[in-house]
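Okay, here we've got a single chain as structure tokens, the form predicted on its own, with questions on binding and movement later.
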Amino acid sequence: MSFTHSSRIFALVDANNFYASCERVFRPALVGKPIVVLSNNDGCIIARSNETKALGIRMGEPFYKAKPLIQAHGVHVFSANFALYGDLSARVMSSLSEFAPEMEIYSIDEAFLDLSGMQRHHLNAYGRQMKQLVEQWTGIPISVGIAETKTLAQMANYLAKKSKKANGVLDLTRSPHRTRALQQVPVGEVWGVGRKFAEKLQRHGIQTAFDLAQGNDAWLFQHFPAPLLRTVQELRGVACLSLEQAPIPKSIACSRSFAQPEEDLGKLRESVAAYTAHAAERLRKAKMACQRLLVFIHTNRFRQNVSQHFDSTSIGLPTASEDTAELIQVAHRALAQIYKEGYAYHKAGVVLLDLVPANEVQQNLWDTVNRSQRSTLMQALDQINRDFGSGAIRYAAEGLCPRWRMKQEHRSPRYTTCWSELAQVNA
């Protein structure tokens, strides 16, 4: 089949095994060694290095089930260190921004770059320059896929990781090898094709990305939703998707499961205050304000012979706010309405709702809070925590020695965001 050539050029840059790579930055002896990263409270496996994948350890597998295999093969285990991962992600994205005027941060470890107009460069060489600089500046290995559409760029990125010849960079722009390339990609690996769609397509003989690109439009339209038709067009070289700006959040949530069941209201108040403070920080970073706050708590529904309680409530604010202290007060009021004595709670959470831009807040004639002064205070609080590490300054309501903190028995140091955990070099 023939492919349409778009004037647009996209690059999809993906950090390889990102969480595992982050752990290797400050411990280079782990390069080539199997690594797993665990979820909150060290529950399940959420990231694996290639060496771990080769051992047959599955994504999402409970840690306790995989433990015998992990111990038998000397797999290095880490608790999720999101402070480190988030900071290194920001450094990777900052490095990538040097290579294109427009960039869409798609996830913590992926970004699309608009390389339209860069045809004066040899795109494959440009991708290798990108790869070399990011790895030099951050220590994170990346793969680069380049093509005329975002979906084809994703296909190129997939093959760049698999092919030794590509060695991490593949340009499919006007490539005579595109047909062969798409024939090597299983249809389930195509961006936008989920597991159920892949199974249905395979039952009808569509096994690869190339088969999907050759599919009958009328039949696809009859049996699948419209987004899949856009994917097919993109595989044919017709750009249907452009770079997206950061979406305006509709809500911001923060919740955690406790390492141990918690019955004490005082400790629940501390946890809810801490979650509210974290959500408020993200709220200010998004330059938004909150008009309604929801709190929920629940026991462990998977434990048998234990009394269960699940509840939530929300409270509206008279004036939309981004002030941590004000939001904590509202959160404590909400918690008092739903807490019941005698239950061992497993999880609590806070959700900030009905968000509006902070510079468009409708003022309240009877508001007694000096909003300008409080905004300056919040800016100072955020700046101190950026400079000296998260939690360097916090509200006493969050507790001094909280026992409800997540279980993180294998967490590595927060090398880049906490002064007391900086890497040490012995001369």
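Start at 1 and count along the sequence shown; that's the residue number. Predicted model, so just to flag it, every value in this text is computed and none were measured. Rigid core (definition): largest C-alpha set, two forms, superposition within 1.5 Å.
In what follows, reference is made to the form predicted together with the DNA, a form of this protein that is not presented.
Checked against the DNA in the model of the complex, the candidates 140, 274, 327, 193 yield a single residue with a heavy atom inside 4.5 Å, and that residue is 193.
Checking 265, 306, 226, 72 for any heavy atom within 4.5 Å of the DNA in the model of the complex turns up a single hit: 226. Of the heavy atoms in residue 321, none are within 4.5 Å of the DNA in the model of the complex. Interface membership of residue 65, defined by any non-hydrogen atom within 4.5 Å of the DNA in the model of the complex, is confirmed. Contact check for residue 44: a heavy atom falls within 4.5 Å of the DNA in the model of the complex. Mapping the unseen interface onto this chain, residue 154 counts among the residues with a heavy atom inside 4.5 Å of the DNA in the model of the complex. Stretch 345-353 is the contacting one of 141-149, 345-353, 177-185, 158-166, since its residues have non-hydrogen atoms within 4.5 Å of the DNA in the model of the complex. No residue in the set 91, 135 and 287 has a non-hydrogen atom no more than 4.5 Å from the DNA in the model of the complex. For the stretch 251-279, the set of residues having any non-hydrogen atom within 4.5 angstroms of the DNA in the model of the complex comprises 251, 252, 253, 254, 255, 256, 257, in sequence order. Once you line up the core between this form and the one not shown, the Cα of residue 180 stays within less than 2 Å of where it was. Relative to the superposed core, residue 73 undergoes a C-alpha shift smaller than 2 Å between this form and the one not shown. Put the two forms on the same core and the Cα of residue 110 is off by less than 2 Å between this form and the one not shown. With a change of no less than 3 Å, the CA-CA distance between residue 138 and residue 281 is larger in the model of the complex than in the form shown.
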